[in-house]
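Only one chain is included here, represented as structure tokens and corresponding to the form predicted on its own.
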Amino acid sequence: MAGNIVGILFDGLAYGSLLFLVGVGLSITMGLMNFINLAHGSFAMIGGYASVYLANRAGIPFLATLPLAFVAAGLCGIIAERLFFQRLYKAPHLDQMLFTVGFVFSSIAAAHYFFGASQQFVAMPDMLQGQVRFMGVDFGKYRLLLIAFVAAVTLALHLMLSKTRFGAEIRAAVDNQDAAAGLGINVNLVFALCFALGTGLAGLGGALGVEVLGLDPTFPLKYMVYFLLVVVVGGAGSIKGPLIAALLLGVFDVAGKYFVPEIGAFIIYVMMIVLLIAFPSGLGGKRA
């Protein structure tokens, strides 16, 4: 029994790690830029398809496709931001939501046209297959990779935002755009790079999620609610809040589906309500 609980906790942390990888980019765009981007899952899907195409058709090893998926999604993000999204930064949130929902449906149609409606699969290298046994409990190698990725990304984001000049420019631009521009900061460029970073992280999460979440043209709609839950519960604009929220939601979602499969799909929403009542400003202290 204890082994089962440890295994469920481990699977939940790995699942929550995936939610965080995608959701933290949404937290950046919503919290730092005050832009409601419901199309965030579309960029995760782009990263997933980029990884599948490069691995299955170009013969590039899966692990080598991950940085390329990050770059592909980030490039698509910055192009979309320059062409479409930046025009809506000062628009009402309802306009932002309606436009990005339209973007989601357009991306679904494009994915269906180029890749078909079927599920996509990617071949895992031998080193990521199977399990590692530790103290009588089996731990999936691929899930260990997901948790390691989250640890690395969290540390890198924290250092970037708190220790670098770019991080200081982001904080200044968010606090007061006019004052930041008066100090010589190119606010438009800072926001464009933030958007590219957020969508790149979504692409990385989408590539890593092919093995766990699956990938088909409906991906942006299927998981939109999950990514939003991470930001709503964790609080937009922070790293710590979405990380804790994603791990909690991942663990309770997996545990709920294991112990009470009849109502398991609702457990994550019950957790959302409980956490929002307990922390109305989000776990990171800033309401989404």
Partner chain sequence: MIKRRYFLGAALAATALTAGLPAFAAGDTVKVGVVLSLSGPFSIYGTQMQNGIDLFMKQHGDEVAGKKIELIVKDDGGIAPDRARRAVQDLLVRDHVDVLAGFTFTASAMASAPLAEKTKTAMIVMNASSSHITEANPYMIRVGQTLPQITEPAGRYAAEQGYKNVYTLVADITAGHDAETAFIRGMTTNGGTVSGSLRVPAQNPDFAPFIQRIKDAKPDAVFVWLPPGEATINFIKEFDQRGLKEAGITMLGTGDLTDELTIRQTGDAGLGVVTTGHYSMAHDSDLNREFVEAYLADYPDDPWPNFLSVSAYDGMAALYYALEKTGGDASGPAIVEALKGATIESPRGPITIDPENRDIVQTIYVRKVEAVDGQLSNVEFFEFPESRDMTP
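The term rigid core refers to the maximal set of C-alpha atoms that superpose within 1.5 Å between the two forms. Numbering follows the first chain given and starts at 1. Source: prediction; values computed, not measured.
FYI, the form predicted together with its partner chain isn't displayed, but the following is about it.
Enquirer: Choose from 150 to 158, 182 to 190, 89 to 97, 130 to 138 the stretch whose residues reach within 4.5 Å of its partner chain in the predicted complex, heavy atoms counted.
Expert: One stretch meets the cut-off, namely 130 to 138.
Enquirer: Does Y223 reach its partner chain in the predicted complex if we count a contact as any heavy atom within 4.5 Å?
Expert: Yes - in the predicted complex, heavy atoms of Y223 and its partner chain come within 4.5 Å of each other.
Enquirer: With the partner left out here, check for me: in the predicted complex, does some heavy atom of G214 sit within 4.5 Å of its partner chain?
Expert: So G214 counts as contacting its partner chain.
Enquirer: Contact with its partner chain in the predicted complex for V254, defined as at least one heavy atom pair within 4.5 Å: yes or no?
Expert: Looking in the predicted complex, residue contacts with its partner chain include V254, since a heavy atom lies within 4.5 Å.
Enquirer: Spell out, yes or no, whether the shortest heavy atom distance between F121 and its partner chain in the predicted complex is within 4.5 Å.
Expert: Yes, F121 lies within 4.5 Å of its partner chain in the predicted complex.
Enquirer: Between the options V270, A265, L9, L276, which residue brings a heavy atom to within 4.5 Å of its partner chain in the predicted complex?
Expert: Comparing distances to its partner chain in the predicted complex, the residue within 4.5 Å is A265.
Enquirer: Quick one: name the residues from 139 to 158 with any non-hydrogen atom within 4.5 angstroms of its partner chain in the predicted complex.
Expert: The stretch 139 to 158, when checked against its partner chain in the predicted complex, contributes only R143 at the 4.5 Å heavy-atom cut-off.
Enquirer: Core-aligned, does G59 move its Cα 2 Å or more between this form and the one not shown?
Expert: It does not reach a 2 Å shift.
Enquirer: Please say whether, between this form and the one not shown, the C-alpha of V260 moves by 2 Å or more once the core is aligned.
Expert: Superposed on the core, V260 moves its C-alpha 2 Å or more between this form and the one not shown.
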